[in-house]
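Below sits a lone chain in structure tokens, taken as the form predicted alone.
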Amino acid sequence: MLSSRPPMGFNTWNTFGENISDAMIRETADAMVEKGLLDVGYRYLVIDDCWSKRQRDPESGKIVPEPVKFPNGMKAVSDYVHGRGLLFGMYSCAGVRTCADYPGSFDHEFLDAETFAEYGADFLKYDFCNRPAAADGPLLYKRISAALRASGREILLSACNWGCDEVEKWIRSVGAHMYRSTGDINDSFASFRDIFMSQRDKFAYSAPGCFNDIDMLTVGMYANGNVGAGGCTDVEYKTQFAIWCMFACPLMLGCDIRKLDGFCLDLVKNKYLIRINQDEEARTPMCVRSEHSGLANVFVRVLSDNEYAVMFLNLTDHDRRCWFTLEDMGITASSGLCLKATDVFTGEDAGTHAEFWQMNLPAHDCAVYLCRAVKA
């Protein structure tokens, strides 16, 4: 199965936008390997919009790489990425033109799928701009899915329709492996908070084979790049990454990997959070306590091997007390059980908790624990 667990990798859009090139992709591939990101699961290096010439080749009808950006063609880039042990991703769009006004794949789906297969693509992000007014959204994703499956190469389909047409109810059926359920993220706390809140009741549609994608991460951008906005603090990046991991979202980094270092590099390589994100059962967390208009919460996620992940989450602008009872997650006082916890950010023993667990969290912060139910 192409996506038995949430895909992990990097996408060019958040930082680079149209400023992509052969050299930048090769440098990013090198950085993904040298900084240990491949070792912890980040496998896909995906080129987003703006990679092609403005018009198709008049003879072959194919989309053609922009020769200044990619003078050696796209197959050479793909070969380099594969040579570093990574997987290679491309971009197209269900419309006549892409979101940045390059050739889209509408009515060219099978030709384009063959082209991407020739490049050695392993992943296709498929956007939703500039469609004919009468075009049926679900049918367009059926077409590209069928085209990819007929291409002769196994290519992961990342459907990016921004949550239109109640996408969560049908996208798995067409053969997509992940699906964008929101509008575009920008590098700000308000952006990722609002995106998460829009989907918190829809993650049950996410499961092995097809995962709810709430957009590329902005962790490590610090207000730089194409969607830089105002930037986030380290605490806010910590919370963003923890949410994506807790809710089994694809982990597609959007910062400049070449500059990723220090706090944010350690964060996105956190072995406990990645373990939660990549849990083989991919179960949806249960909200066991919600206050302050849903912005202060406790979530519990049932994991494989009899583990639990517990997240205390404060998305309000003030310090908050977050709490729950173990009864809320099904563990009664009469059971004689308590939760033995490990802090995922420090790796330290966080003690045992019976019947009632509370903590005070600063604004925009979170705490996450890996737990086992043991005899008190």
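So that there is no doubt, residue numbering starts at 1 and follows the sequence shown. Quantities reported herein were computed from a predicted structural model and do not represent experimental measurements.
Omitted here: the form predicted together with a small molecule. The next part is about that form.
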property	result
Partner-proximal stretch of 126 to 134, 262 to 270, 164 to 172, 280 to 288 relative to the small molecule in the predicted complex, 4.5 angstroms, heavy atom	126 to 134
4.5 Å heavy atom contact, residue 223 and the small molecule in the predicted complex	no
is_contact(residue 195, the small molecule) in the predicted complex, heavy atom dist at most 4.5 Å	no
Residue 219, heavy atom within 4.5 angstroms of the small molecule in the predicted complex	no
Non-hydrogen atom contact residue 66 with the small molecule in the predicted complex at 4.5 angstroms	no
Listed residue (177, 180, 238, 301) with a non-hydrogen atom within 4.5 angstroms of the small molecule in the predicted complex	180
Contacting member of 107, 234, 184, 79, with respect to the small molecule in the predicted complex [4.5 Å, heavy atom]	184
